[in-house]
Each structure stands twice: as structure tokens, then as C-alpha cells.
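Let's start with one chain on its own, the form predicted alone, as C-alpha cells.
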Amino acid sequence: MQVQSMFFKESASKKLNDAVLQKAMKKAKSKFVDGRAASVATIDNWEDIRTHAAALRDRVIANLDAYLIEFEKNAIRRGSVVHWAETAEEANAIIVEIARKNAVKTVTKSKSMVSEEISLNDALEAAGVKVLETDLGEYILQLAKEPPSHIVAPAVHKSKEQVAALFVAHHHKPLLTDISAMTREAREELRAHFLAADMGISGANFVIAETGTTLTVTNEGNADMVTTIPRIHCVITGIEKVIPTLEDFATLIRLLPRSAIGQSIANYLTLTTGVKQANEQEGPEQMHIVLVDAGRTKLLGDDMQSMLRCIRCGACMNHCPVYQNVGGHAYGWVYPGPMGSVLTPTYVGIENAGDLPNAATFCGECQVVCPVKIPLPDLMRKLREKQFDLHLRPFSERFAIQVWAFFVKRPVLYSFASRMGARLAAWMGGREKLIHKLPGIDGWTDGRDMPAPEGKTFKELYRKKYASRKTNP
């Protein structure tokens, strides 16, 4: 997927004026936010589980090499072939070569964000391999030739009418508007492809070191079809997805579906361990597991290391007021929302995603809802500091921060400037007590009026109120 993150401001402005998107995002907000709250409320020790999960993920990251080697050993023991890819190009080359050696003509895919990262579909199609997405949302977007806008619900930005029009154009069947009927139509279209595919490609939510198992969480069951019917199964996943034991997975699965879509449990858990054995009726003849770095090891020992805890639930974006208003495509790459504001600059270079660390209100909601307690606001703040140090922000912005720093380091001067600023702002508000335009930082007032202060600083108001309490106890 081509990186377009440098155009965030322009794209976000367009999305704010997209009526279809705004309606879809409002609907999604209600579903995701309310659903999560209701589901989490059913667990008394939710915070204890979050704390345990964060510690578990930190332990894995601290010993990542050891757990990956253990996973490789146990996966090979069960008949899998493990491949290591340092870059996106290496990962694509490995999978294309597997397809070439086995004369693969058709591939069915289960949803995989790593495959979006490396543009795997494009690489396979360039090699003459037909690829079909089988997750309903991903299938819709493949027909529309669009990237996903959400990591869990990739087509959340689409209206029912838009999807119906896509189905008419590609399925050449009568227009349907009932969601159940549309879903059945998609199922009927996909069934023949499931049965005919030469190779199935899936992602993995986790890989289990103790057993060599890859594990995929879905709500549609399409991963079961992708991993068991084709003669070749290829798993592509990030190296950070390894966890020690199935017991650890039992902890994380209590957090993942509740955080993602407000369900107590996912509909399908697809566990794959090696190839089909002589006494088994189903399963692949070959199983390949591609473990992808693609920038992940850069986070080790870095300020961003805690981002490797992420279990890709999407809760941070669901609760982010910026994402709720502009959607996922505005972020310009695979990962939107707060997680994308950290991952994208880290993976593709902060110079290619300069606006993303600033695409936040710093309300802190993302950190509060993260099931593994990633301090997302702190990470974005560190990226902002790095941008400042590298002179990647506009001169006017850097100059303003330097001026503010000069005053804030001198309390007496800062107090005087604050008093003058409060009085000036009150005067600018006039009789309406609304500031319509702020010179130099008019981005704040382009779309809204700012309430003018009373002309006093907080300290002055507090001192006055405290003094009145002393005189009138």
C-alpha cells in the first residue's frame, strides 16, 4: 500500500465534508464505543487482566529472539517451513517464489494487515497469480479497489447502498438492499473460489511458541476455509505476534474481542499446527510461515518499544475523536488512528508522516481503552519532540514553541505575559465573548468560534475565589 500520510491535512479536510463517511463514522462510533463499554462492564477484574497482559507482552518483547526460535523449532517439528523476511520486499519474494514453485494460479486470502503493509496482493498479481480476499469487508474493498479504513472492520466507511451498487456491477445480479441477502450473495460468489484455490494465505493474530501453532481470530469463519481446503497454506505475520503458551492466549482472547467489537468472544478461532498428517482428513500438504520484520526491530530498545505490545484490536481508533471524524483513509497508510500515528512514522519514516503525531487531541482516551496499556499519547509526544529536533515542523511552529519555552522558564515573566494575554483575548471576544479568528493560529478558528476568557488568568480567578471564602466562611 502506497504511503500517503504526508497529505493528512488535505485528506482530513475532504473527509470532514464527505456526508456518506460522516454518517458511517457516527454509526460506527455508537457500535464500537458502546459495545466495548457494555462488554467490559461484565468483567470485575478487567484492569487486573490488562495489567497482566501488558506485562506478558513486555516479557515477550524483552526475550523476542528466544521465543521466535522456540516457535520456529516447534513449527518445523510439525512439518511447517519457517521463512524469515527482514523487509517487505523479501516477504513478497518468498511468497511469490512459493507460488511459482508450486504452479499456483489462484489464492484465497484471509484478512491480514501485514499483507497490506507489504502490498502482497500487488506482488502476486504481478507474478500472474489471481488473489481473492475472503473477509467480507476486504472482499468489498477489493471490488472497489480501495485500501481498508479500519483494521477490524475494513469497509466501515462504506454505506449499504455503495456496497449494493458494487455487487450489481461485479456479480451481474439484481440489486439487493437487505444486508442478509447481500451477505448470502457474497457467500455464494466466494464458495467456488474457496474450493478451487491452489493456495490459502492467512495472517495470524498470535503465534504460539510452545506448540508452533498459528492462530487467527475471525467472525466469519473464512480463515477456516482458507487454511484447510487449499493444498498449500501460507501464514504471514509480524515477528512481534509470538506469545509463549496457549494459556497466555487464553488471557489475551479475553481482551481482544471485547476491545475490538464489544463481543465477549470471537465467533471463530482458527488454530493451525503443521501439515495434514496421514490419519487426518483435512489440512494443507504444505504449510509455510513467513515471519516479517519490516521495521519492527527498530522499535526494540527505542522510545517506541511499548508499541510492540499492540494486539491490533482497534480500540484506540474507535475511541479517538480525530479518527471518529476523518476515518481511516485520511491517515494515508495501513494503520489509522492513534496506533497509526505511532506505527506509520516509525515504519515508513517520520519525514513521510509528519502530521500524524499531531493528529491527536491528547485526550488520553486511547491509552485508557488500550487492552495492553500502551502509553500512546506519550509516544506521540516523543515523536513530536523528534520532529522538533530534526526541524521537520514548519519554522513558524518551531519559533512559537521556542518563544513559549522562553517565557515558561521564567515564571515571573510568564505570569505577566499570561495576564496580558487573558486581557487581550477578552478584548478580542467583544460583546459576543467569542473569538472568530486567531492571527497566526487560525486553524483553531477556521471551523469554530473560541469562547473568550473573562480577562483574568486562572490564578487570578482562584485567588479571588479563595479570598472570598476566607472572608465569608
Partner chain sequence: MKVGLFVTCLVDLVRPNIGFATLKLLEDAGCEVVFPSEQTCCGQPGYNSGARELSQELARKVLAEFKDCDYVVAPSGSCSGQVKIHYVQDLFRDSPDAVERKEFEKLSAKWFELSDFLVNVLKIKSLPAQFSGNVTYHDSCAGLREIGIKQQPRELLAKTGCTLTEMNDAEKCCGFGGTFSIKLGEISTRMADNKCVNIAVTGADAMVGGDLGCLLNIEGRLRRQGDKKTRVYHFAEVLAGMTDSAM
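Quick caveat: nothing in here was measured; it's all calculated off a predicted structure. Residue numbers count along the first chain shown, from 1.
This next part talks about the form predicted in complex with the partner chain, which is not shown.
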Can you tell me whether Gly430 touches the partner chain? I mean in the model of the complex, with a 4.5 angstroms heavy atom cut-off. no
I'd like to check something about His436: if you look in the model of the complex, is any of its heavy atoms closer than or equal to 4.5 Å to a heavy atom of the partner chain? yes
Contact between Gln286 and the partner chain in the model of the complex at 4.5 Å, heavy atoms? no
Using the partner position in the model of the complex, report whether Ala452 sits within 4.5 Å of the partner chain, counting heavy atoms only. yes
Among 245-253, 363-371, 170-178, 200-208, the region lying within 4.5 Å of the partner chain in the model of the complex by heavy atom distance: 363-371
Spell it out for me: taking the partner chain in the model of the complex, does every residue among Gln22, Ser418 and Arg448 have a heavy atom no farther than 4.5 Å from it? yes
Within 4.5 Å of the partner chain in the model of the complex: residues from 314-332 (heavy atom criterion): His319, Pro321, Val322, Gln324, Asn325, Val326
